[in-house]
Ligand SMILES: NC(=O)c1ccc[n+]([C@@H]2O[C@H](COP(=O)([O-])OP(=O)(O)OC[C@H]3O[C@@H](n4cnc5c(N)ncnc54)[C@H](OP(=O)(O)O)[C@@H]3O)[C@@H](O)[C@H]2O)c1
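One chain is shown next in structure tokens, namely the form predicted alone.
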Amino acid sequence: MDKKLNWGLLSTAKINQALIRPLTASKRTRLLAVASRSLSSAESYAREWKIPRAHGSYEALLADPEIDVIYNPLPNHLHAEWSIKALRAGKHVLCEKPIALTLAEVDAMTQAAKETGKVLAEAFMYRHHPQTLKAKEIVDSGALGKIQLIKGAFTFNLTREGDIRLNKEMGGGSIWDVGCYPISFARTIVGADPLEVFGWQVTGQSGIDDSFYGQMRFESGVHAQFDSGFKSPFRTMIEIVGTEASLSIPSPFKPERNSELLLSRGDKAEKIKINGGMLYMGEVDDMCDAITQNKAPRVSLADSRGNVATILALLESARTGKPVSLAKS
């Protein structure tokens, strides 16, 4: 039988709410504690969400001997630092995307996971959803023919002043926040990193990319195009185009409980219905499998490193106005 794993939330971030429900519903997990930078804040949050323990510092949570798994939803620039601290404190870590902002950070996190023997995984919840698994299955079956093009988008209007996603020093910018999704999706479908990328960005007042427009070229001949942004209406989509058919995914990154794919061949379109269940349960189950059954996480650290490398190359291209090759390193 699987051991019931005790989880701790590293801060009172809003994204926690997405994890609280599956952590409470799963028979394999127990949401035991939450930490904040002040005890009063932690205690208030714990009362609101019926969490048994409240810690008045992040260090106190890491020192709690009963905590098995840390969920790290801190701002992007703190992902590496606190994930490494958690690993060295003997905790497994589910870290929010993007896992880090530099390849040196990813490598340090990977080394810490290796040295401690603890599981570290990036929280790309869509990767575990039945809709994504079905899309990958359709592509791999050859139903679309040879894949030629993948198009994706994730945009919304960010109107809240002072939002950390607008802070360059904290890892802000649309490509890190939402562009990472269509980039990850394209890489997942192709099963490889791009050979070359080209990007343009619209820079906001704070120096981050308010909008980003990118292209990726893969060794297999697949090309990918995406846009992300904080100044456009809410849009999410993925379209995969092959020589024989195309597959459209209207809600690729946060699919509803019941979603559908649209497979188009000529003038005929087939709706493929997906029963997805609870959106974030897949990443919770994946962590439990990795910890208690020694299974490899679906989102490997090498995969996470590839996504960070691709984003960094796209940002470099936008800065220089030139295509950037992704050298193996």
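We number the residues from 1 along the sequence you see. Just so it is clear, the structure is predicted and the values come from calculations on it, not from any experiment.
Absent from the display: the form predicted in complex with this ligand. The rest refers to it.
Residue contact check for G204: none of its heavy atoms lie within 4.5 Å of this ligand in the predicted complex.
Among residues of the shown chain, S36 is one whose heavy atoms approach this ligand to within 4.5 Å in the predicted complex. Although the partner is absent here, A309 lies well away from this ligand in the predicted complex, with no heavy atom inside 4.5 Å.
In the predicted complex, this ligand sits within 4.5 Å of a heavy atom of E96. Contact with this ligand in the predicted complex, judged as any non-hydrogen atom within 4.5 angstroms, is confined among 144-152, 190-198, 229-237, 176-184 to 176-184. By the 4.5 Å heavy atom rule, the three marked residues G8, S44 and L62 all fail to count as contacting this ligand in the predicted complex. Screening L166, L78, V139, I84 for any heavy atom within 4.5 Å of this ligand in the predicted complex leaves a single hit, L78. Checking L101, V222, L74, A89 for any heavy atom within 4.5 Å of this ligand in the predicted complex turns up a single hit: L74. If you take 120-135 and check each residue for a heavy atom within 4.5 Å of this ligand in the predicted complex, you get A123, M125, in sequence order.
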